[in-house]
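Encoded as C-alpha cells, the following chain is the form predicted alone, with no partner shown.
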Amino acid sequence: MAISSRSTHRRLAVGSFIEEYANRVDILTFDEETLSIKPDPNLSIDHPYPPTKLMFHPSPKFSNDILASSGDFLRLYSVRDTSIEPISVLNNSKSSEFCAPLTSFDWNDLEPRRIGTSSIDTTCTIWDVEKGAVETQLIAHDKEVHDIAWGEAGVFASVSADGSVRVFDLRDKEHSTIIYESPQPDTPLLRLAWNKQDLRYMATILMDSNKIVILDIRSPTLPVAELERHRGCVNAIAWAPVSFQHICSGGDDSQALIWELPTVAGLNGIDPMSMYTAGSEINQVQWSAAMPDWIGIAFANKMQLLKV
C-alpha cells in the first residue's frame, strides 16, 4: 500500500498478495469531504508476482503521479487521471533476464532520482531512475536483505536475515556501520523505518516478535526503547510525518497502536497512547505525509483509513 505525497490528489495504491504470477495494483481516490474511497477501473494494472512494496514519487514535479513497485524487478508507472502506464522495468542482473527477487525499496526524499532496492541475494542496489541505470551495488549483509531506508541524501540503512541493522554512506562504499544486532543470533530483522523528523532515530521489527525496537544511531547496539504491548507479531511500522516522537505499528493481534516515545532514553514498559482494532491481522501501515491526520492500514482483503 502507498499514499501519494501530492496534496491535490488524494490517491492511494494497493497491491494484491496472491502467491502466483498474476497480481494487480489498483489506484484508489480518497474524498476527504465525503469520507469515501473510490476505485477507478481505468487505474488498475496487472503486476507480475505480488508487489513487495509500492511507493509514490516523494516530491512530484509532474502533472502526473509516478508510482514505483518492487517484486521481480523495480518498475515505474505513470499515473494520470484516466490511465496508468508502465514507464520502465529496471533489472540489475547482467547475466540473464532473471534476477533475485527484490524484498523492498525506498525512494530518496532529498534526491528523488535515487531509489535503493534490497534483495534476497544479500545486495542493495542504488538506482538513478532518471537515467535508468545502476549507480552502485553493495553486498550489504551475509544473508537476504529484507528492507532498506534512506536517511540523508547519500546515507541509507538496511536490515537482514542476518539480524543486523547496517548504515552505509555512499561516499565510502567499502564500509558499513552495524548499529544493532538481534539479541538471539540470526533472528531476522524484517522492516526498518528511519525517522524523517529526527534522523538520530530509527525503528526495526524482528521476525515472530511482538517488539518494536527503537534505535538511536549515536548509541549503537543498545535500543533506546522496546515497545512490547502487541499480543502478536508486529508486521509493519510507520513514523509520524510531522512529529519525531510518534510511531504507528500494526500486528497479528489485529491492532494498530500509536506510541509516543519518551524524551528520556531507556524507559521500557511504555504504553501506546491510542489503539484501533481491525477485523483481522494488520499486515501494512502507512502514515500519510500529504495527509498527516490519516493512517492507512491493510488487513485481509480490506484497506482502511484511520483518522488520528
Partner chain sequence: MAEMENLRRKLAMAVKSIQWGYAIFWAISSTESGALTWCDGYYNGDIKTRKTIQAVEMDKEEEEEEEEDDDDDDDLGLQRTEQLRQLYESLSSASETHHHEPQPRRPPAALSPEDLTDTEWYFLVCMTFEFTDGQELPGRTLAENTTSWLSSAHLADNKVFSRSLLAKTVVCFPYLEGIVEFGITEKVLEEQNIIKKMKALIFDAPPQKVIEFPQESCSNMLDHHDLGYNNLDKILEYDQYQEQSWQFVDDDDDDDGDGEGEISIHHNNSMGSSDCISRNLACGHSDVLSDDDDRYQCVLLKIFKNTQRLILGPQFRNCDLKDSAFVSWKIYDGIEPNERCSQMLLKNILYKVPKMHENRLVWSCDENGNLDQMRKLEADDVMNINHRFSVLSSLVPSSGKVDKVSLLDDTIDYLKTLERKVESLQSNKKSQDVREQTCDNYCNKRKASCDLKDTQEEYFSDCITVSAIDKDVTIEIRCRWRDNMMVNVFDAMSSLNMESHSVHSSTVDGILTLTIESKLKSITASTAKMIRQALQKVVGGSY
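Numbering follows the first chain given and starts at 1. Just so you know, these numbers come straight off a predicted model, no measurement behind them.
The same protein also has a form predicted in complex with the partner chain, omitted here; what follows describes it.
Every member of the trio L35, L190 and I205 reaches the partner chain in the predicted bound form with some non-hydrogen atom inside 4.5 Å. The closest non-hydrogen atom of D72 lies within 4.5 Å of the partner chain in the predicted bound form. Although the partner is absent here, I120 is a contact residue: one of its heavy atoms lies within 4.5 angstroms of the partner chain in the predicted bound form. Of the heavy atoms in P86, none are within 4.5 Å of the partner chain in the predicted bound form. Taking non-hydrogen atoms only, P220 never approaches the partner chain to within 4.5 angstroms in the predicted bound form. Partner proximity in the predicted bound form, defined as non-hydrogen atoms within 4.5 angstroms of the partner chain, places exactly one of 149-157, 233-241, 165-173, 134-142 at the interface: 233-241.
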